[in-house]
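One chain is shown next in structure tokens, namely the form predicted alone.
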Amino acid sequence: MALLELRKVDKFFDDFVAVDRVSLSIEEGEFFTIVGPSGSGKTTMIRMLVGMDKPTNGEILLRGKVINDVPANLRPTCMVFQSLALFPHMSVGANVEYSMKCKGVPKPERRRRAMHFLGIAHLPESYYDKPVTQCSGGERQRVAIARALAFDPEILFFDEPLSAIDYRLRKVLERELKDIQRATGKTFVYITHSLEEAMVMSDRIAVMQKGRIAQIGTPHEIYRSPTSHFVSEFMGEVNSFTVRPDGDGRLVDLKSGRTIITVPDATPADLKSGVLVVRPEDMLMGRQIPAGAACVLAGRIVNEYVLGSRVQYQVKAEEDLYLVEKIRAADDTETVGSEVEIGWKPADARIFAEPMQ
């Protein structure tokens, strides 16, 4: 039995459909992330899961029991908000102990457990008496996590809690959140628009589009085997081509008229026209291009972006721009202005029988 389940859940606001017939299940001990662009319905979804909003139709079940009408304060769940919602007049320890104090836990036991959760959240015991207003952004984030864990919920919900934190600290907290989830065995349900957060932390990801679930899968499945053009673009950069079959087992790029070799069983049987996508890291350049490449284009490098150990080139071929990404090497000769050939292997492309977004 799934720990948390949605069955054909809708949420209407007058005539606006925020969530449309969504069904999904979340397993106990799972780090489950819901991603999507603004307006896709992910915040409405988590508000229903927490109990802040009721579904218009459908059922939400916790361990098989319908909880549609159970208010948020009576559910065994806890929410970490984007704003964190810490009590500014309290110390770190008092914030962490708050839920235990409301339950009547004796003070010595509250302090002992608060120290335990501060340790789990990677905060030193000396922070117990520190005013929360004197904590940095990252420290306040850790306090909010410790306070949520002290509530001892079955499920912790997170509504974009890292969005206001600088990049380097966010990367640290991503790893710490995953470590905390594994150490505690708690079920985490996480909302974010950040693909990096979703890919780093999640066991599974649900991608939302216009109130519906576009795809659910592991980070690897979502990234490498998207089921739609929308998912492929949302989960990372792609090079896209509008194509049609030529009747001879190949595809024709409708814009340029070029013939593209493809893997026969990768092409939808009923394809009349659609979109072919290739990720930048699957694009090949120069001597990397093997015999039998799907398509070879002559172009010129117009931009170069250094991404740490990788480098990304923007190549102009005819009037189109393509992204090619590769591991940096000491013997690289390509630079802005270089004339190059680019291509890809047939098996590295994905084809969708749908119009380009």
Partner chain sequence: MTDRSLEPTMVGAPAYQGEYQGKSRDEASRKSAGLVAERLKRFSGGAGMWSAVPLGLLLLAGFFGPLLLVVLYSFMPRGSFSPIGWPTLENYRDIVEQNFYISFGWSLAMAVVATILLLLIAYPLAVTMVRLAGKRADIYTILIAAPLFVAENIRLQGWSLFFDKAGLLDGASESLFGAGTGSLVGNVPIVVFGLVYVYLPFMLFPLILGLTNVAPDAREAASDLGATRFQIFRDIELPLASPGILIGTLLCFVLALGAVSEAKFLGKGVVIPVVQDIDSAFTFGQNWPRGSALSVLLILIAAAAIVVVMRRVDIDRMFTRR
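On a predicted model such as this, the values are computed, not experimentally measured, just so you know. Numbering follows the first chain given and starts at 1.
Keep in mind the form predicted together with its partner chain is missing from the figure; the text below concerns it.
Using a 4.5 angstroms heavy atom cutoff to its partner chain in the predicted complex, all of N73, C78 and P88 count as contacting.
In the predicted complex, no heavy atom of A183 sits within 4.5 Å of its partner chain. Although the partner is absent from this view, Y223 stays clear of its partner chain in the predicted complex, with no non-hydrogen atom inside 4.5 angstroms. The closest non-hydrogen atom of V50 lies within 4.5 Å of its partner chain in the predicted complex.
Heavy atoms of S163 never reach within 4.5 Å of its partner chain in the predicted complex, leaving it off the interface. Screening T218, S136, S83, T242 for any heavy atom within 4.5 Å of its partner chain in the predicted complex leaves a single hit, S83. In summary, among the residues K255, H116, K101, R175, the only one with a non-hydrogen atom within 4.5 Å of its partner chain in the predicted complex is K101. Picking from 326-334, 24-32, 42-50, 60-68 the stretch near its partner chain in the predicted complex, with a 4.5 Å limit on heavy atoms, gives 42-50.
Taking a 4.5 Å heavy atom cutoff to its partner chain in the predicted complex, the contacting residues in 141-166 are R147, F151.
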